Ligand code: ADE
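Given as structure tokens, the chain that follows is alone and in the form predicted alone.
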């Protein structure tokens, strides 16, 4: 293949990435709060932000580590006060990713970040759920909602949040675990996860981002999760890597997030291609895209360039995301057909 042919092939692959139907499994809805929206909500609700203008806030999106991000994330969350705010926040995300051909999304929300400010749990769920239904009708985007517990808070606080969730479980598919990882092991939340699973909910949890392999192993053994969010540090324990391969535990990777928070030095040395070669069950997501400089398409394009991915690898990422979702078998089969059809249209079918 000549240099020109190789360049043309990469351009074609990038066009396929933009067009491919996408499933996003690791997305914090509060992390889609763009600076412009933060000021819009602040003005609407009479909330003061410690930044002069949008540009000053955007400049603050330069983080040293996970905690520096969480500090700003929690501060800007204060502008979300009403059901309409949560509707608008979620609708804005759906409208943006509809243009990126997202067809299914499984969204985290952080109720403790709102109830601690006096915002009723019901207000949060009502706004998000109403937007998700509107997004299904208007954009054709299916969705699931995942209640995340803040791991830096106590088990008692998690159980209080679980109690508040009871009238709204028809809107919630799974529980998750996020916030500061180190010092807050998964074992701390074993009982509340057991309660959620007993109620029929699925389970996911952040692990192996800030914390090491022990956090991933503990999450698997103690919380009995269906997916690991992040898991990028699994390579520090070869036995754990073999287990993840054998059990095909989905890992929801977030490259731009890992880059911006210093989890990875750069995307060239990012472990994605190695994970795919070994048969780990990985997919690409955006995490908190307003803060980390890219939604799902930008994440896919960034790793495509940095890792020189080929079409077969991109297709594997898309297929893995579909299979790791909480959709039913028929819906998954339909999304697989859509993905393969778009691949053929772009010259990346079985013979492409």
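Numbering follows the first chain given and starts at 1. Remember, it's a predicted structure, so these values are computed and weren't measured experimentally.
Quick note: we don't show the form predicted together with the ligand, though the next part is all about it.
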Non-hydrogen atom within 4.5 angstroms of the ligand in the model of the complex for each of 178, 206 and 257: yes
Which of 39 to 47, 66 to 74, 312 to 320, 299 to 307 sits within 4.5 Å of the ligand in the model of the complex, heavy atom basis: 66 to 74
is_contact(residue 230, the ligand) in the model of the complex, heavy atom dist at most 4.5 Å: yes
In the model of the complex: members of 283 to 303 within 4.5 Å of the ligand, any heavy atom: 287, 288
